[in-house]
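First, one chain by itself: the form predicted on its own, in C-alpha cells.
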C-alpha cells in the first residue's frame, strides 16, 4: 500500500493499476496478476518510478508489447512497468522522427510501425521488422531479427538508463550484439535508439515489406496467439526443422499446441495456461534431445513469480 501511494505521487491514477491481469498484456494471452502495473509516458517518469521501486527493494521489470515473454499463472509479485505507445508523440517514450538517413525512435514504438515509417520516408533497412510484434526497447535488448537481418545491423546508437540511474548514450558497437542477444546491462533500460538506414525509393521498400508480410502469413501462425519463436536456432541449424524432425508438430498439452505451420511456435488454442505451455516446452525439448542430440535453448523469456 505504501509503495502504491508513493507511485501515485509520480504517475497519474489512470496509468497506475493494482492486480493487473498479465494475460491482457502478452501476445500469448496467459499470466496471472501483477501486484502493480505502471504505464509511464516520459523518460523522467520512468526514471522516478524505477528509483521508487529500487529504494523500497520492490521487484520490477519492464514490459513492452508482451511478445517473447511467458508469465507464470501466479503472476508477478512486484511492479511491471509497461512501455508501449499507440501513436508516436514528441517528448514521450514512443517518439519517432526522421533526420536525413537516421530515424530516432523511443523504446515504446512498435517494430512494424518503425518499418512502415521508414518506408514512407524512403529509407530501407527495417523491412524485416514488419512482422515482429515487439517494441524498440525490448527488441534491441534481445537483438530481434528475421529474414537474415537483425537490429544490431542497423543501429547507430542506444539511449539507456543505467542501473546507477545515469542516462547515457552508447554506440551500437558497444552493445555486444550477437544472435538474439546483447550485453546491455541486465537492470539497464533502453529508452530510445537511433537507426542508420539506406535511402531508397519508397515503393521499393514497400514491396519488400509486402513480400516479407506475405511470407510470414504463409509460414507462421498469427502473432496474437503465440509468444514468437520459442527456441533459439542452434548454430548451423534451425529449431523448427529439429522440432519437425522429432515429430513434435501438433503436440498438445491443455490449450497449448506446437503449431502445425511452424514447429518453433507454441500457440494458444484457447484457454491455455502458462503451466500448459511450460509442460509442452519441456516435452518438446526432451523429444528433440532424444532424437537429435541437440539441447534447445529458450528464446522466449519465462518470468517466474517475482523473479526475472
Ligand code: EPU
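Small disclaimer: the values here were computed from a predicted structure and weren't measured. Numbering follows the first chain given and starts at 1.
Below: the form predicted in complex with the named molecule, not depicted.
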(message) Please determine whether each residue of 215, 233 and 241 possesses a non-hydrogen atom within 4.5 angstroms of the named molecule in the predicted complex.
(response) yes
(message) If the cut-off is 4.5 angstroms on heavy atoms, which of these, 77, 95, 196, 180, is the one near the named molecule in the predicted complex?
(response) 180
(request) Could you check which residue among 228, 85, 152, 125 gets a heavy atom within 4.5 Å of the named molecule in the predicted complex? (result) 228
(request) Heavy atoms, 4.5 Å, the named molecule in the predicted complex: which of 49 to 57, 279 to 287, 242 to 250, 35 to 43 makes the cut? Say which one. (result) 242 to 250
(message) Taking any heavy atom pair closer than or equal to 4.5 Å as contact, tell me whether residue 172 reaches the named molecule in the predicted complex.
(response) no
(message) So, residue 112 and the named molecule: in the predicted complex, are they within 4.5 Å at any heavy atom pair?
(response) no
(request) Would you check, heavy atoms only and a 4.5 Å threshold, whether residue 220 touches the named molecule in the predicted complex? (result) yes
(message) So in the predicted complex, is the named molecule close enough to residue 147 to count as touching (4.5 Å, heavy atoms)?
(response) yes
(message) Suppose contact means any heavy atom within 4.5 Å; which members of 251 to 275 contact the named molecule in the predicted complex?
(response) 261, 262, 263, 264, 265
